[in-house]
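The chain below stands alone and is given as C-alpha cells, in the form predicted on its own.
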Amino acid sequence: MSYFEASARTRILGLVDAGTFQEFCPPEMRQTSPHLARLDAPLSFDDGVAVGRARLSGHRILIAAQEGRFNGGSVGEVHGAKIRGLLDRAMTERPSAVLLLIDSGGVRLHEANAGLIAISEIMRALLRIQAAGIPAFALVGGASGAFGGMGIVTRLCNEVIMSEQGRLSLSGPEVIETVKGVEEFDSKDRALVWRVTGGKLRRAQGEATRLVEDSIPAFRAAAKELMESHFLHPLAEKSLHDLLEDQERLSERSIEFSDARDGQAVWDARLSDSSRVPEIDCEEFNRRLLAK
C-alpha cells in the first residue's frame, strides 16, 4: 500500500503490530479547534492528528500521525498540544522510541500565534525525551511533506526516514514563489520541487538517514531496523565537543554547496553517473551513497 496516498490512521495501523494501537483522545472525544470554530472554518474531529501507544515488532512505542488531508496537516493549538502531550507522556512511559509520522505544511495561519507556541513546545519536549535516552524517528512521505515548524521538528529527530515522494524544507515551494516570484522558484515545476526538497536530495545531503520505497511496509521495516540499532547503541548525551563537530560539518556542507541551484549539483558530488538518479531505486541509491 502506498504511504503517500494513505490516511494518517491507515499509516499507523500498517506500521504497528496488528491490534496494538491504543489512541489517546479518540474520535468520540471530538477534540477540535476552538479558533477554527469561531471563524466558521471546517473542523476535524481530531484536529488533524492521531496520537497513541502501540507496539512495533513487539517493542513499546508512542506514535503520532498528522493528517495531511486536513488543512495540509497544519499545526494549531489543539493539534500541537496532542503531539506535545504525547512527548511528555514518553517521559513516564519510557517507550523504546517515539515515531512522528509528519505530513504538514507548517503552522496553521488561522491560529498562527498558538501554532508557533505549539511548535516551540514540541521542540522543547523532543529535546527533553532525547536527553532522557528516548529516540525519536520522523517518517516523511505524505503529500504535504515536512515544512515550516514541522520541518524543524523533523530535523531535531534522531532518525529521518523518507521516501522519494517525501519533501523536507523550511519554506514550501508556494511560499518561496509568493515572496520571491516565479522566476526564482516555480512551485508548479514538480521536477524542480523534488530536486530541491525531495527525499533523494535530503538523503544525499545526510538529512535523511534512510530512503525507502513508497509503501507502508517499507517504512515499517526501516523503523524496525533503526529501533534495533538504537538498542545496540543507546543515546548518549552529546558533549560540547560533539556539538561543535556537528556544527563544523554543517558549515563545511554549506560552503561546498553554496553555488548549488538544486539537487543535481549535490548528486554530482555524492554519486557517480548522477544523470541516472531519477531512475535509481531507493536500495541502489542508499548503496551508492555508502560506497562513495
Partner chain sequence: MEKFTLTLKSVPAESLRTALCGVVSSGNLEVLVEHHGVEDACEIEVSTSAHGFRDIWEAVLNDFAREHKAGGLRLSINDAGATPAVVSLRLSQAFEIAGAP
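The shown structure was predicted, so the numbers you read here are calculated from the model rather than taken from an experiment. Positions refer to the first chain, counted from 1.
Heads up, the form predicted in complex with its partner chain isn't pictured, but that's what we're talking about next.
For the interface check, one of 263 to 271, 228 to 236, 249 to 257, 63 to 71 should have non-hydrogen atoms within 4.5 Å of its partner chain in the model of the complex; which one? Among the candidates, contact is made by 63 to 71.
Against its partner chain in the model of the complex, would L43 count as a contact residue? Criterion: heavy atoms within 4.5 Å. Taking the distances in the model of the complex, the answer for L43 is yes, it comes within 4.5 Å of its partner chain.
Please check if P34 has a heavy atom lying within 4.5 Å of any heavy atom of its partner chain in the model of the complex. Judged by the heavy-atom cut-off of 4.5 Å, P34 is well away from its partner chain in the model of the complex.
Taking the shortest heavy atom distance, is R30 within 4.5 Å of its partner chain in the model of the complex? Flag for R30 set to yes.
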